[in-house]
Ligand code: MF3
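Below you'll find only one chain, the form predicted on its own, shown as structure tokens.
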């Protein structure tokens, strides 16, 4: 069931989104070669809880950490641990923040140190694909309008779209209806209504679109060909004439 948020609910989600934004900004300060992903997870947990919120991902369906950190060919759900960041790494950080029962969800991808132009373009164009999708949002538009805009931009810039993983509704649950795919046809799918809150999150690959699970666990998803992937996400509110980013400043 798709929920339309009340003004009170929207205010709570705005606060959850603001703390999400601030947590990402705090983590960005610490992204350098040598830091472990576990250290970043601890920084995020301390910052989120200090601000009277809770990490949405911690223990979500058994996920053991507060944030997902996915590196290079890891698409999503990387589990923080002893791994140290290195120069040239492509690092995606994805997490949710809950405030008084309401969630926000956002992801960013960073390059540690220097990288090739090809990698820089992957990250830049994945972020731009997100905003291409967001530009289609307003009451009366359809989910497919978002999906088509993301897919078109990705393919025009030589990137492939992960099809098994999609955006989603957000609210009292981290993942709610409707699904928001990153590929599809215009004027198809559910009609967007004022007051809906959704997370749009393109996951784009430098190589082929196929993905698989790692051998170590049932969480980490990697590109099948070993090429790097990038991921950007915002939680947004659908308005009469457009959208408001809830996980922004």
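The structure displayed is predicted, hence computed values, not measured ones. Residue numbers count along the first chain shown, from 1.
The same protein has a further form, the form predicted together with this ligand, not shown here; the description that follows concerns it.
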- [ ] Determine whether any heavy atom of residue 88 comes within 4.5 Å of a heavy atom of this ligand in the predicted bound form, and answer yes or no.
- [x] no
TODO: May I ask you to state whether residue 201 is within 4.5 Å of this ligand in the predicted bound form, using heavy atom distances?
DONE: yes
Task: Residue contact check: residue 68 to this ligand in the predicted bound form, 4.5 Å heavy atom - done: yes
Task: Contact test in the predicted bound form: residue 105 vs this ligand, heavy atoms, 4.5 Å - done: yes
TODO: May I ask whether 63, 175 and 219 each come within 4.5 Å of this ligand in the predicted bound form, counting any non-hydrogen atom?
DONE: yes
Task: in the predicted bound form, the one of 77, 148, 136, 98 near this ligand [non-hydrogen atom within 4.5 angstroms] - done: 77
Open item on the list: Considering non-hydrogen atoms and a 4.5 Å limit, which listed residue (206, 192, 57, 40) is close to this ligand in the predicted bound form?
Closed with: 57
Open item on the list: The chain here is shown without this ligand. Which stretch in 118-126, 166-174, 150-158, 137-145 comes within 4.5 angstroms of it in the predicted bound form, by heavy atom distance?
Closed with: 166-174
